[in-house]
Structures are given as C-alpha cells and as structure tokens.
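A single chain comes next, written as structure tokens; it is the form predicted alone.
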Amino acid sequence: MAEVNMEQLLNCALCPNMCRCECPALQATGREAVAPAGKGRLAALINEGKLNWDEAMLEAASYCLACRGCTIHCPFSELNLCDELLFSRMPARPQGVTLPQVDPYLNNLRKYSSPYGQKSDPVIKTNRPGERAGGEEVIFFNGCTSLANHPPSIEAAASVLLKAGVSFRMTEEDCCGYPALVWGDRELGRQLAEENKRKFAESGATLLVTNCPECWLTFSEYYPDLEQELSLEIIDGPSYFLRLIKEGRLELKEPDPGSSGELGAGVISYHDPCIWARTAGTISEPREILQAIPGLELNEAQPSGSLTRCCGGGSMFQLAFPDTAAAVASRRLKEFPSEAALVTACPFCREGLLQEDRPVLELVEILDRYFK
C-alpha cells in the first residue's frame, strides 16, 4: 500500500473542520474523537511516534465509513482522509493491536475467502455465444455481500447479461481483499489480490464489471498499490449497463399494467453510493437508466448526487460497528421522500437501508424487470 502523506494528514488535523457536519460517524455518536480532524490528529500523532496504538485509538481511527463526505467542504483538494486513516492503521495489527469484533470475519476470510463464512454452492454462470471454449468478453464480479446476503441480485445480473447477448462469466469468487485491507491485514489482502489476478488472467476476459463499489475501488486503486495491477478494463455496473442500452443490446419491455409490485405507485428515489458518486463520478448513469423507464417517477433524496450521505455500509462498518451503522442509516432514510421506493447500486447500501418497511431494490433488479 502507499505510504502515509504526513503533510496532508497534518493539513486535516489543523483545519477549521467544516467537514464536521458531513461526517456520519460524528453525527451518529457525537464523539469528538471520531470527528474527521479528531481522527486526523490521532493518526498524525501516532505516525510521528508521539502516541502508540492501543485498542481505543484503533477503534477511533476505524470509525471512518470511507464515504468521503468530509471532502465536500474540505479546503485541501488533494486530501483523502479516508485513505490516510486506512494507511495509518496498517501497522496496528503487526504490532498486536486489533479490533476483537472483526477477528471472526478475518478468520472467515482466511479460511473461506469470504468474511461471511463458508460459501454455498459455487456461483459459476457463463454465456458463450457460439459455444466458445473460454475467452469470455466479460467477468461479472458480484462481491461477497451479494453472494452471502442477496442472491436475487446475482440472478438478475446474469439475466440482464444473457438478454444483452454478452459473452460473460461469473467465477467462483474469492473476496476482492477490501475487508482485509480495511482491518489491517495487508498480507491477506495481497494474497486475495494475487488469486483474483490469476483467475482474471486465465479467463481471457477483457472487461471486469462489478456492482460493488468497494470491489471496484479495490481493483482500481488498491491493487496497483499491492503490485497486482489488473490488465483488463474495470468498469462499474451502472456505467456498463447504460452502455448496453445505448448500444441497443437492451431494450425496454412493453409496460405490464398492474405489475409495479414492490414499486407501489411507481415513485422511486435513487440512493447514490458514496464511492460511485464521489470517487467514480457515476451519478448521471443510473438516473439515465431509471428516467428511461415509462411509469417510473424519480423523486430525489435531499441531498443526492455528489452530496449524497452515507447509509452506514461503507468500509465494512456494518460488520464492525452495527449499532452505529444502523443510526447512520436511520439518519439517511429521513432524507428520502416518504412515498418513494428506494433504488441503489450497491449491496452494502441495500443492506444499510433495510431499516424500515419500504422496498429497497438494486438497480440491476430494475434492469431485469423493465428491459429485455
């Protein structure tokens, strides 16, 4: 991984802290230690050798959802506090300082290549037009959370790709390695990256598509830091599916009266996953898809787009700090129109928003329902 940038970390630590109003950890807990500058000061002092890691300090430095909400009002355009905290935490585990609540998930990751434990039957789906032997055009990477907690999204993705005539493969997945990196096990993260790089290379695919923002971020930004840069193009799911629509490979179905089902009156509100919106810049693509569907009315949350607020699911936070994650999600849910069904494009966001008796669907499920 890249090294800590002390200049940027100190910029954060000494700033007037306009980011406070956007930090979901601070808003949910009221703890000054987990405010962006509080975490920045803590990390700076540890990196300068003036403090040593202990469990309380590691917990505070881990109270970051990697949502990058702090960047909205930050005067330092080059500062990425989320990454600086991530890199700062890396030495804690080798020094014997860990968060006990995440150790079972890391043990699962080592044993099963998934933080959720033993995987069910391998999900291997292919579509090879002309019965080609190997050499699929696309690897579609679902991610651990979809595999463990929401298989319908996997079936929907396979269905959409089949309709579009895409030559694709869904592999027997190993985790991308993001949880290992978040929880300070860099070596395990590297091992998972090496295994994924090998599988992707052997597939012959030229394009890697994922619906998980954390997987996309790991493949795009953290693999190069681990010296495991991938040779294929990496693209987020919403952008790829919009590409298929614009190429004429997916077309709208005829409306089916009375089939709105979970969408009720057809009023929907799209929740922007933080990484898609603020790192990938994937904001217009899902909206273009949704606005193309007759009978669906898009009623936006406030705020939305690049100003979106975290649902509590970022940076494996739901697993490490479930009570705070639920409080963050509850705050976000108040910002959606009460009559709207919720749509998102992230498995973590879907889980975080399942706090009330209202539908929460992934974008790929909408695609499968309305496109042929």
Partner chain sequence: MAQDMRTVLQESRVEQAVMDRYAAEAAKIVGENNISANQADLLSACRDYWPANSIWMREGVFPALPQLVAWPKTTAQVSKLLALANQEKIPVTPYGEGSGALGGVVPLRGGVTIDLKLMNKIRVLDERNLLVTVESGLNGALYEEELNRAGYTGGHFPQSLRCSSVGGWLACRAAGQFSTRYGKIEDMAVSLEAVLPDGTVFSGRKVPRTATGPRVDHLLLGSEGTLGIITSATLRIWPLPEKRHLASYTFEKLESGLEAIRLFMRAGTRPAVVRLYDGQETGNHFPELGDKRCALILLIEGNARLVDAEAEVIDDCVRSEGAESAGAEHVEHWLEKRFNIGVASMLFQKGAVLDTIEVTTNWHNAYTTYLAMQDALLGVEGTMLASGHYSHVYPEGAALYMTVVGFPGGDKISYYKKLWQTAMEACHKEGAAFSHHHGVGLHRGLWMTDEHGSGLEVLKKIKDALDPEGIMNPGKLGLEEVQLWQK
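Numbering follows the first chain given and starts at 1. Predicted, not measured: the structure shown is a model, and the values here were computed from it.
The same protein also exists as the form predicted together with the partner chain; that form is not shown, yet it is the one meant from here on.
- Stretch-level contact check against the partner chain in the predicted bound form with heavy atoms at 4.5 Å: of 340 to 348, 62 to 70, 45 to 53, 312 to 320, the positive one is 45 to 53.
- At least one heavy atom of L26 is located within 4.5 Å of the partner chain in the predicted bound form.
- In the predicted bound form, the partner chain stays beyond 4.5 Å of every heavy atom belonging to L333.
- Proximity of G305 to the partner chain in the predicted bound form falls outside the 4.5 Å heavy atom cutoff.
- The partner chain is not shown here, and in the predicted bound form it never comes within 4.5 Å of any heavy atom of L354.
- Out of the listed residues P100, G96, P294, P75, P75 is the one that sits within 4.5 Å of the partner chain in the predicted bound form by at least one heavy atom.
- Of the residues in 21 to 36, those that come within 4.5 Å of the partner chain in the predicted bound form through at least one heavy atom are, in sequence order, C21, L26, Q27, A28, T29, G30, R31, E32, A33.
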